[in-house]
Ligand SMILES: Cc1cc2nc3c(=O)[nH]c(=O)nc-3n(C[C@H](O)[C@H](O)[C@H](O)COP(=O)(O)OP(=O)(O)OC[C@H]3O[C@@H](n4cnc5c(N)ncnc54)[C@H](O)[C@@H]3O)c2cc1C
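Have a look below at one chain only, the form predicted alone, in structure tokens format.
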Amino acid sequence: MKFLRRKKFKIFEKLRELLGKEKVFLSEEELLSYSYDASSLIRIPSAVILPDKKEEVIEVLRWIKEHQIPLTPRGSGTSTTGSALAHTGGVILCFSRMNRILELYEEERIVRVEPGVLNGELKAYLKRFELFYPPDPASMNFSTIGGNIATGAGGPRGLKYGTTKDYVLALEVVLPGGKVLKTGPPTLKKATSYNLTSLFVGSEGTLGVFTEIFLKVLPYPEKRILFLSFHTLEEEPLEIISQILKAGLTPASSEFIDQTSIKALKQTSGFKIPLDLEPGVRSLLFLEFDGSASEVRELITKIEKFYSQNSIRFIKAEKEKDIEVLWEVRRALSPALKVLGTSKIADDVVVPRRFMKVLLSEIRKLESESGIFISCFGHAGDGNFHVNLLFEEEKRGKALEVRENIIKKVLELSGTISGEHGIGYTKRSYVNLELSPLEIEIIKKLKKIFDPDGLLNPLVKLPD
């Protein structure tokens, strides 16, 4: 596919006439606002379209096929891998105006939403009905449901509740040319078709564009309790979570923060850490439990006894407000890392839980040898590490070498190069290391079925 030049083609002016000036951005200033996401990449699109109803989305998908214009769906632009950018200078289709919660089927615990609804806003809405949507990425207050589905987002609650893929019941998807596909009925059980819904979860905008989403929701837990423990041995939290799971206890969330991340938190100005981080503390472990009041009381007794027997210092929070204050430490971590380097390469790798200590040890070795800070935090309960390399730009070559060594170690340990952030643009070159030629062949054939002209999110997810 040829790269589009960034200028006002007459073709885009025609689109403006079709949809209205207020829905099609063409000026340089407007385009710059959509030329970046949470990755370090910059890609200026040729046009930005902001539909506010699905009929307009259908019209745009007809138009791109007719004129062979590449298109990138976009939510809030929180992608860390460049999947929300127009890499060939095509059109950005931004869903910020399609942000309505359409219907709640309270008795069925199903909610129907548009793709631009923010994760955090959906949570706040459902809480009024004593319901909740469990997937909770750190970006939940500003990332969209459509974007979460496109990348297969997870979050701390993944250990007990699963990730986005476990809550998407059905999708309405528009394909190039304007055809509308419904991936199945919004029922909890179905066996008529292949599971097309799951195929679109994690597809990163390469197969179709979501216009309606049906989600399963759950009753809001009666009681929550959060334990935060402090460790002088960095790997100790990874041992603890295994012990707790072996004992038959399942935390709602289990988050690990390593020594390099703690260094960043301590150095971050303007952020007051509500913790007593003594010099010897080399890692933290967040353990949140929820359930009925009686279940949680029983869990408190067991966890307090476990920590006391092992002489581990901890604090706990039982009130909703206090729990959220402690979780802000975790949510503030990604922006805090910038104190360790002006440039960053971020990955979210996953290994079987039994190999987490092995991977952490390898990362510490690479950090020591390279002189590049490597922050390694994340979802200890499901083997998902967020690995961030922090460095000055002149060390980028060395950082890329370190990154490749980490990825190869992850695959050696039967892991995967992405758990919840997607492949995007930045990880495409590593896909061939993980997937077999047969897997790649099948994936490319599936792409061809849904998007035969390769118009949707080119240069994203699929390897060359």
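In this text, all values refer to a predicted model and were calculated from it rather than measured experimentally. Numbering starts at 1 and runs along the sequence shown.
One more form of this protein exists, namely the form predicted in complex with the ligand; it is left out here, but the text below deals with it.
Three-residue candidate spot Gly147, Gly208 and Asn457; every residue lies within 4.5 angstroms of the ligand in the predicted complex by at least one non-hydrogen atom.
Stretch 81-89 is the answer when you ask which of 257-265, 224-232, 81-89, 237-245 has residues with heavy atoms within 4.5 Å of the ligand in the predicted complex. Just one of Leu287, Ala380, Leu389, Ala153 comes within 4.5 Å of the ligand in the predicted complex, counting any heavy atom, and that one is Ala153. Note on contacts: among Pro251, Pro186, Pro134, Gly77, the single residue with a heavy atom within 4.5 Å of the ligand in the predicted complex is Gly77. A residue is said to contact a partner when one of its heavy atoms sits within 4.5 Å of a partner heavy atom; Thr72 meets this definition for the ligand in the predicted complex.
Contact check for Ser283: no non-hydrogen atom falls within 4.5 Å of the ligand in the predicted complex. The closest heavy atom approach of Thr197 to the ligand in the predicted complex falls outside 4.5 Å. Contact annotation for Ala38: at least one heavy atom lies within 4.5 Å of the ligand in the predicted complex.
Counting a residue when any of its non-hydrogen atoms is within 4.5 Å of the ligand in the predicted complex, the hits in 90-126 run Phe95, Pro115.
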